Ligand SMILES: Cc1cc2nc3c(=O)[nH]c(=O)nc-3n(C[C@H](O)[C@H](O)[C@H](O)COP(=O)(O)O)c2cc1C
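Take a look at this one chain, the form predicted on its own, written out in C-alpha cells.
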Amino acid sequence: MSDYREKARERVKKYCKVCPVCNGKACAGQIPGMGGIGSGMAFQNNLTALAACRILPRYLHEADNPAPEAELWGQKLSLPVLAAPVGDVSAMGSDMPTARYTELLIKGCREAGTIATFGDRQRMDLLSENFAQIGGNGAMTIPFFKPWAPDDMGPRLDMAAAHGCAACGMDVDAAGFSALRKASPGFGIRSGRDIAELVKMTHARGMKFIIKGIMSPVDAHIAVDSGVDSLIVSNHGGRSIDCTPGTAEVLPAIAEAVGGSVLIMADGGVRTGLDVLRMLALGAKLVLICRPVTIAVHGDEEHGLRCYFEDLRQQLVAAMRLTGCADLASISRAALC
C-alpha cells in the first residue's frame, strides 16, 4: 500500500499531497482540489467526530471469527463499504480521464466484492462515457446524479435503466455548487415534492432511489415521506458548505428518527476498518468512502483498490473480534463508550 501511495502522489500532485492521514488540513479551501470548502472545517470535522467515538473493547465472548459480509437489495457484499461517487477526477488534479477512472473503479470494486458508485457529468455525452464502463455489472453499480431540474432527470434515469442499474441516487448536497447553478437553470435546492416525483420516475423504471446529503432529522423525515429507498448521511466531504458538523455527530439522531423505516448509509472521514465499525455502531448499515478510494485507484488502478478494500476488511474483522461483534447485526452503540 505504501508503494501505491507514492505512485498516486505523482499522479494527483497538482491538488493532493496524499498525506499520511487524509484529514483535510493540508488542502483546506482548495477547490478545485481535494479540500473542504472555505476554512476546510467541515471536512476536518468528519474525522474529528469519528475520532471522538471511543471503542469499548470486550474479550470474554464467543465472536472469535466475525462475519463482515453485508447485503444490499439482494447483492452480497464482502464488507459493508461502497466506493463513493466521483463525477470528474480532473477536478481533483488527476491526469487520468474520468471514464478510465470509472472503468478501474468498477473493476476494482467487483474484484473486492463490493459496489461501485460514480458521479454525474453535466454533458450527457460525457456521462454516457461513464455509463459505458459498466459493461454487464449494472446490478453492482450505482450512478449518482446532481440536483438538476426534474425535467432534466428523465434521460439520465433512462440511461441508468438501460445499463441494468438496480438503483440510482441524487446527491442533493451538491446544491451549493455555484458553477452548476449558473450553467444549468433549475439546478439547486429540491423540494420534497421534487424528490417524490423523482422517486416515482425511478421506481417506474424498476430501480431503487437513494438520496445523499441528509444532515438533519427534518430532512430525513422529508426524504422518507417522499418514498426514498435509502438515505446517505453526508456533508459532501465538506465541499458544499463550510462549518458543518461531522457526519458522525448527526448520524445517531437521524438513525433514531427514521432508522426503522429506511436504509441508512453514511460517509465522511472514514479511513479505517475501525471507522467503519464506528459508523455502523452509530446507526448506519453501510458506509461509503471517497478520497482514499481515489488514491488507491490512482496508485495501482483496480489492484490498488482491491488491496485497500481487503485491508479495510481485515481491520473491520479485527475490530469486530475485539468488541464482541459476531456479525454486522451485532454492532451497536454498546461497542462505543
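If you're wondering where the values come from, they're calculated on a predicted model, not measured in any experiment. In case it trips you up, residue 1 is the first one in the sequence shown, and so on.
Separately, the form predicted together with the ligand exists; it is not shown, and the next lines address it.
Is there a heavy atom of residue 92 lying 4.5 Å or less from a heavy atom of the ligand in the predicted complex? Answer yes; at least one heavy atom of residue 92 falls within 4.5 Å of the ligand in the predicted complex.
Consider residue 38 of the chain shown here, and say whether it contacts the ligand in the predicted complex, taking contact as heavy atoms within 4.5 Å. No.
So in the predicted complex, is the ligand close enough to residue 86 to count as touching (4.5 Å, heavy atoms)? Yes, contact at 4.5 Å.
Touches the ligand in the predicted complex: residue 33 (any heavy atom, 4.5 Å): Although the ligand is absent here, residue 33 would touch it in the predicted complex, with heavy atoms inside 4.5 Å.
Report the residue, out of 70, 312, 280, 289, that has at least one non-hydrogen atom within 4.5 angstroms of the ligand in the predicted complex. By the 4.5 Å criterion, the partner-contacting residue is 289.
Among 114, 130, 234, 202, which has at least one heavy atom within 4.5 Å of the ligand in the predicted complex? It is 234.
Choose one stretch from 188-196, 234-242, 73-81, 257-265: the one whose residues place a heavy atom within 4.5 angstroms of the ligand in the predicted complex. It is 234-242 that comes within 4.5 Å of the partner.
Along 147-181, which positions have a non-hydrogen atom within 4.5 Å of the ligand in the predicted complex? Heavy-atom contacts to the ligand in the predicted complex: only 171.
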